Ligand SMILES: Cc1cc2nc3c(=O)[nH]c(=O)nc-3n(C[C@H](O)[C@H](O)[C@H](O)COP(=O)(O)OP(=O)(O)OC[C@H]3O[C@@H](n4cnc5c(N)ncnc54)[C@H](O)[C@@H]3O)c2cc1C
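Just one chain follows, in the form predicted on its own, and it is written as structure tokens.
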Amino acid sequence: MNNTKNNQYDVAILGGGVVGTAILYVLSKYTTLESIALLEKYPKFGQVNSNSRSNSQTLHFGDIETNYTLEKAKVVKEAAEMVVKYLEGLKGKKSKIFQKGHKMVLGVGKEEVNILEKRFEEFKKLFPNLKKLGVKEIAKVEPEVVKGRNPKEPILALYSEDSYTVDFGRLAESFVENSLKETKKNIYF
């Protein structure tokens, strides 16, 4: 798109996936940098790890990711909320870039149920929309999960309606498009 004669930039970003393009967006919108280069080897942005065929397309908050500690969940939640704010601010393109839904993590058996009980108590302040579901509530949300299950086997779910499925490739393209729209800076590709 743009080229400079001397190839000198204030910043050069390597990679046009969702991270590289997000950095471009933030630098173009919130800094005093004059020229920014984004280097991407593919003809379109978001074609490798950000591509829908290479990624689960799930925006992680840290609430149901049971391998996250509370400390990690705090950091992840803060970053995810910035993405949500950006997504919710898009006009007319919401349905193409993301969908909102629900998510849950299921504990089966006494040991896993105890882990989720403890996790819920630890995480409920950080995630006030996180709910604990018993068998009847799980059946309402996801009936196939309880269908045919031994009624004596304990199960418990942590559930949230704060779930986003994101096409990170399209999100990367959106970051570039909005970087160009919202700035008078020199942006080079």
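This one's a predicted model, so the numbers in the text were calculated from it and none came from an experiment. One rule holds for the numbers: they count along the sequence shown, beginning at 1.
The same protein also has a form predicted in complex with this ligand, omitted here; what follows describes it.
For the marked spot (G17, E40 and Q57), a heavy atom within 4.5 Å of this ligand in the model of the complex is present in each of the three residues. Of the listed positions (S163, N49, T31, S35), a single one reaches within 4.5 angstroms of this ligand by any non-hydrogen atom in the model of the complex, namely N49. Partner contact region in the model of the complex: 49-57, out of 121-129, 152-160, 138-146, 49-57, criterion any non-hydrogen atom within 4.5 Å of this ligand. F168 belongs to the set of residues with a heavy atom inside 4.5 Å of this ligand in the model of the complex.
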